[in-house]
Ligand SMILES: Nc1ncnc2c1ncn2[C@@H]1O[C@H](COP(=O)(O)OP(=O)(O)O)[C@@H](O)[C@H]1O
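Only one chain is given next, in structure tokens, and it is the form predicted alone.
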Amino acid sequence: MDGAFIKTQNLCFSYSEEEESVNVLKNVNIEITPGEFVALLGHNGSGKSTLAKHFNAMLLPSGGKVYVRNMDTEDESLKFAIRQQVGMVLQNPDNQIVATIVEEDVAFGPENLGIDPKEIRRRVDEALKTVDMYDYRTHAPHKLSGGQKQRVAIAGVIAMEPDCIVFDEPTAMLDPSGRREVMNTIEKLCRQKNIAVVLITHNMDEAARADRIVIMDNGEIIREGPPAEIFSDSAFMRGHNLDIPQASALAEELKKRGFYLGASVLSPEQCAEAIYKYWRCYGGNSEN
């Protein structure tokens, strides 16, 4: 095996429905490297959540293989070790919060691992500081905002010290403020803690922050590459019922009107900077 943290080989997954076999994943090959931020995109039913659940052995292949740090997910004796390596954060934080006090909830996972109490205390404090929720450690989770609850759920996963976290639409139920909080936390985990991140999202502005985008359709990977490359092909994206980031859409419309801002406009900040540079260079003359 090579240096990939997660690797699938011709992964297939199917289930039976009314005496018929439904193929959800079809010969999927993907690698996730240590510390990489990967956004997994696709319309509903494309297979992305099913694929992600194979990364920590929540689901097992119908065919092919999945390896986590060279460990075969079908090896029952390795399941515990695999799930320590790959954590998962779901869409609704209320489904992951189990205690009535924030710090007790974060401690729940390490306690189940049989970690020494002093080490649990260290992990809980560090995890809460990482997600900027340390000052809320004695609060009741049900009194927190949606974004704060999701950050507590993330802290609970961090406290188990995985090397990869899969986020399955973690901002879908949050307001814009909560989405910013959670996305800043996710990026911090990847960039500062070197934790590999797999983000499933329908939000293209969130996906634009990743190192690599993987697009699925009908149970297959149909395209992958850096965000600038993927989102530059808006026709392909829209042809597969997917959008592009708002900043990219604005840049595309301006290009149609003679104002070319460049090929790598993905965020509002990049868009504002490109517009500023354009006007500094051309003085607003659309004919140049």
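Under this definition, the rigid core comprises the largest set of C-alpha atoms superposing within 1.5 Å between the forms. Since we're looking at a predicted model, the values are computed, not measured. Note that residue numbering begins at 1 and tracks the sequence as displayed.
Omitted here: the form predicted together with the ligand. The next part is about that form.
- The contact with the ligand in the predicted complex, taken as any heavy atom within 4.5 Å, belongs to Gly47 out of Gly35, Pro227, Gly47, Gly64.
- Only one of His43, Arg238, Lys255, Arg223 lies close to the ligand in the predicted complex, with a heavy atom inside 4.5 Å, and it is His43.
- The chain is drawn here without the ligand; in the predicted complex, the stretch among 256-264, 229-237, 49-57, 26-34 whose residues come within 4.5 Å of it by any heavy atom is 49-57.
- Using a 4.5 Å cutoff between non-hydrogen atoms, Tyr15 counts as a contact of the ligand in the predicted complex.
- Within 4.5 angstroms of the ligand in the predicted complex, the stretch 71-89 places no non-hydrogen atom at all.
- With the core held fixed between the shown form and the other one, Ser21 has its Cα displaced by under 2 Å.
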